[in-house]
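Next up, structure tokens for two forms of one chain, structure 1 and then structure 2.
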Structure 1
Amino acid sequence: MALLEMRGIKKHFGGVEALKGVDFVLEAGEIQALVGENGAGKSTLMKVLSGVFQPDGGQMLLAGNPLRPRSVAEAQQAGIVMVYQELNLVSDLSVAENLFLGRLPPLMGYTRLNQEAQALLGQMGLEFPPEASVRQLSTGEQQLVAVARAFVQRAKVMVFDEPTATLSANEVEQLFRLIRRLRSEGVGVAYISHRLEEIFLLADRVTVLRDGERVSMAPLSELTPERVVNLMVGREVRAYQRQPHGSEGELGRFQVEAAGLAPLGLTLNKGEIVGLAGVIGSGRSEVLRAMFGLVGSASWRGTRLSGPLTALRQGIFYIPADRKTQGLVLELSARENVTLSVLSRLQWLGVMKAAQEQQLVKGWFRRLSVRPSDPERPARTFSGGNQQKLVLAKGLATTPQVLLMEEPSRGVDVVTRYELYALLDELARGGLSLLVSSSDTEELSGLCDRVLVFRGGRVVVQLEAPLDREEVVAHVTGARRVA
């Protein structure tokens, strides 16, 4: 008997059928990857499992017993724990308190609590102090605490929805170790990711969803990355290969100063794609934030960038890493989000030019193939990858000269990522200069004309195309020092 059986699960949102009768079977002691294009229904399926959504049809069995959680709390009671990207920790409590949250005996001394937490963390090879408050930890470390808590909660099923997006390479390794440990203790793990690499490192079996249906479930040994991509989209897809093109001369120079950052001067050429590599905290995202006038002080072509407004007037646009908290106004429609930065251009005496606005949005929807294609839906109802496209559309609608992007393909499916790269390349050919900060070294080496590697707040080396991924990795991790 399987640990978890989901049969014929259906879920629709208004007119959108997100799940059209999906089966998902998970064995104890198995890691099963769940893959599919943006909007395929992965998150929805797992939210049904973890009590966030009520299904419209289908059945679930956990260890043979009917399961129908009406809330997240009920699902947890039954042993189903989902780790979201938005974390469910209490940030003012300590690591130890979070670990044992909801399971604290009425009178347990802090000394004992911390000792037990220390023991648990030690077992798992995690090295942060149990008395630290969660707020002080990096996002990655917080994620690890959330996973560690699953051990305390004695989870039977653990769900991860794109957990590695905000982790450093080192943290990813720790996370994988923990996940494998969960497996060896008989937990069933469902793992959603757009990074095929991770799936081939981690999974035992792979379920592929397409348009709300399961199209395949197969052991990893029978699959190749190409095969998985084909199953996801239902056709042949070729990996993106960029032909770097010569750049057309100097566009301008950034001068950047910010706390924790060595002063940086960067001359940008017209139509080039410059990558910023480095671990989280290396300073690469501070640089972009300074260039948009958000922190420190920066200037572009001698003009001081005192805030987003001045930066925008200089033709600079910034796409933040976290679309939900920084990129989108989730309650507004997709249309209203896309035009948020060009309101002044779409008005006449303060009144919005509705027809022109609609046309502009329709154009970007087509160009980026946003799905679903109805721009009147609230941004919150779009899947993760499509939300990312909305943010990108908002930036491109300003027709910038310089586009600053953080983690451009975070949460974007493989195929869309290739489309995105092709689009960025096309924009660069059209004269747009891009600064791309990313933790994905494959992305950087495949996309950029040159890459600046950051460590400890300064650029330690600049690598020029043709770029070798291994070399980028070596510099990022500090395995290779520059002579």
Structure 2
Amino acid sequence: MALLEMRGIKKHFGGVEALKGVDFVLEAGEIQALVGENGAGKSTLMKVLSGVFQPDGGQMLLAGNPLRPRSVAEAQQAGIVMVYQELNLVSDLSVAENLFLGRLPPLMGYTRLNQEAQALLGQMGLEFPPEASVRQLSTGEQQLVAVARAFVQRAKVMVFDEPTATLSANEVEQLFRLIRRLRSEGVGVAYISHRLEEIFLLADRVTVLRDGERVSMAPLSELTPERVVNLMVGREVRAYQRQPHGSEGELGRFQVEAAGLAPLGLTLNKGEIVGLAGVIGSGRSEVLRAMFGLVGSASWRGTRLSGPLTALRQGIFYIPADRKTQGLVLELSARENVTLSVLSRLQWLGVMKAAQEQQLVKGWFRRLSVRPSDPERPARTFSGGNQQKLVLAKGLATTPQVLLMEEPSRGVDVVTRYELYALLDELARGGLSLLVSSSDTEELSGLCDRVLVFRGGRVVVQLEAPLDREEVVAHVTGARRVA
């Protein structure tokens, strides 16, 4: 008898059929990967399992017993725990408080709470202090806190939705060791990822969804990465390798200073894509935030960037790694999100120019292939990859000269990622300059004209195209020290 059975699961959102009778079976002590393009239904299926959504049809069994959680709390009581792609932490609480939130025994003092949190963090090999505010942690560290909180619950079934999107190589290996330990203890693990290399390192079996339907479920030993991609999209997809088109002359120079970051001067050429590489905490993310006036101090072409408004006026736009809390207003429509940064351009005497607004939004929807193509849908109802496209559309609507992107393909499937890279190449050839901070070395080596490798808050080496991924990895990990 299987640990978990989901049979004929259906889910509609208005007129959109997100799940068309999907089957999913998970054994105890199994790690099963769930893959598919953005919008294929992976997260929706797991949100039905974890009580976020109610199914419109089908049935679920857990250890042979009927399962139909009406809330996340009910799912957790039944033994279903989900670690979401986007963080669900309380930023103003401490690490310890987040770890045990909702499970605190009565009259527990902070001393004991921190001690128990420290013990848990130690088991996971995490070094940040339990009393630290979650807001003070990097995005990658916050992701590990979310994972650690799930481990506190010791579920029968654990679902991981893109858990490594902002983790360094060492942190990923840490996480994999913990997931394998769960498997050895008989926990069933469903693992959603767009990174096929992770799936082939971790999974026992792979289920592929396409357009809300299951198209394959097979042991990993019967699959290749190429076969998985073909099943996802129904056609052959090649790896992306951008052809650098050469410098078009200097666009301007940044001067950057921020806490934990050595003073940096960076000359940016017109139409150039510059990658920023380094492990979490290396300083690469702080650089982009300083360039947008969010932290530290920075100047562009001699003008001090005192805040985001100044940066926008200088033709600079920043796309953050966390699109749900920093990039979008989820309860607003897609249209309203895309036009948030250009409202002054789309109104006259306080009245929106509706026709001009619709034309702008529909144009970016077509160019970015946003799905579904309904600008009036709330942003929260779009898949992760299509939400990323909405943030990109919002930035490009400002017609920037410099686009700052942090983890641009986080939670984006391989096909959408290819489309994104092709668009960024097109924009660069049109004269837009881009700075891309990414933990994905394959992304950096395939996309960038040059890569700056950060370690300890400073640039330790600059690598020029053509870029070799192994060379980038060697410098990022410290395998090749540069004096």
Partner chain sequence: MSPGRGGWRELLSRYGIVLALGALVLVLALLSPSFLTPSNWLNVLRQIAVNALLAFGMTVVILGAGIDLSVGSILAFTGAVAAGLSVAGWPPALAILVALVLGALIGLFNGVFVAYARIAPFIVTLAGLTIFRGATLVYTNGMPITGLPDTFNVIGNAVWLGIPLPVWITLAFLALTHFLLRYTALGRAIYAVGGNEEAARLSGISVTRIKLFQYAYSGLACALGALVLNGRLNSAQPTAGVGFELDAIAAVVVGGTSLFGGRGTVMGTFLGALIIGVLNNGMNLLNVSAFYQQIVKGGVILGALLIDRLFATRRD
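Heads up, when I say rigid core I mean the largest set of C-alphas that superpose within 1.5 Å between the two forms. Because the structure is a prediction, the values reported are computed rather than measured. Throughout, residue numbering runs from 1 along the sequence of structure 1.
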property: Of structures 1 and 2, the one that is the form predicted alone; result: 2
property: Q326 C-alpha shift between the two structures of 2 Å or more, rigid core reference; result: no
property: Core fit, then E97 C-alpha moves 2 Å or more between the two structures; result: yes
property: Per-residue C-alpha change between the two structures, P130, threshold 2 Å, rigid core fit; result: yes
